[in-house]
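Take a look at this one chain, the form predicted alone, written out in structure tokens.
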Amino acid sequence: MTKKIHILATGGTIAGQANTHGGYTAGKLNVETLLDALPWRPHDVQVSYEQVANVGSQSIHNEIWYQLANRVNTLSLEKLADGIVITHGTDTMEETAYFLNLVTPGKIPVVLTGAMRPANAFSPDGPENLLAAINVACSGQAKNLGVLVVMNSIIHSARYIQKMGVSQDNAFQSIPLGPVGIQSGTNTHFFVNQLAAIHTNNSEFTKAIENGSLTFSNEFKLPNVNVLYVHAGMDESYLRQWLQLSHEGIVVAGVGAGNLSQTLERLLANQVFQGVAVVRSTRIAAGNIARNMEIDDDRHGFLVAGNLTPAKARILLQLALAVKMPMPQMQTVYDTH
């Protein structure tokens, strides 16, 4: 039976063109050109496509997220495709993937891919990555694992993937779980058949979409949540100025196990007192932030991000605030999503 795969293109390095100075510009080529560059097409696969955006992923914004979520949900719920592939720049790919992991139904596979080298590089990796993503999107097993990312023939879960290198082919890793599978030619092999973390059709946010309390309409805006990167010798006067800005939530990329200076701890506790949600995470790539270790989270009213990166912790807090989730329930969501 012919599989129907729909591609949502957003630009990125995979659609980029190199210049004569060793640099390149992302998002220059359209999706038709990307498909024309494939070395071959999978048998029994009907590919359709649309250009949602054509930007470097450093320029991906909330409205593009809403467009992607709405298109994925429509294509899935109306059974217009058997799988979806999203081409995307690599800089913020993990953030888009995790957002979609929380707000799409998971009825069909959703797979993101991109490239580490532009399309006209000496040896572009985009065609192979796109072909691998199409093959993964054709796999029935891919429906059970939430949103996936395929890079360099490795299949990652949106929940755990991190970009760990700037330009090398193996820039992406999944921490702490490891990859969920591998794509070799037309053969898709998964190492797991389910994930413990709640995703797609079981997330708190897809439930909110189903009951109509969360909709990505033109009027919708995600709450303003910002990330504060902690380092040694932070200036108290700067921190006070930064905290005076408008924040509905703050994610702190702390040192070590999400640790803060005593000054910052006191200032953030005051933010919680004023009604701002504060989440402790870590600037370190691997680790788990536990409650009430060196910092009394219960006393201050802080949330902890577990093993979510600061960027993903921010997305989860934005969605939790968007559905007006009570603070005690927010910690449960961090523990499960």
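All values reported here derive from a predicted model rather than from experimental measurement. Numbering starts at 1 and runs along the sequence shown.
Just so it is clear, the following notes concern the form predicted in complex with a small molecule, a form of the same protein that is not shown.
Undergrad: Mind telling me which stretch in 288-296, 50-58, 270-278, 304-312 gets its heavy atoms within 4.5 Å of the small molecule in the predicted bound form?
TA: Contact-bearing stretch, as computed: 50-58.
Undergrad: G89 versus the small molecule, in the predicted bound form: is there a non-hydrogen atom within 4.5 Å?
TA: Yes, G89 lies within 4.5 Å of the small molecule in the predicted bound form.
Undergrad: Does at least one non-hydrogen atom of A115 fall within 4.5 angstroms of the small molecule in the predicted bound form?
TA: Contact with the small molecule, yes.
Undergrad: Does at least one non-hydrogen atom of A26 fall within 4.5 angstroms of the small molecule in the predicted bound form?
TA: Yes - in the predicted bound form, heavy atoms of A26 and the small molecule come within 4.5 Å of each other.
Undergrad: Is there any non-hydrogen atom of K163 lying within 4.5 Å of the small molecule in the predicted bound form?
TA: Although the small molecule is absent here, K163 would touch it in the predicted bound form, with heavy atoms inside 4.5 Å.
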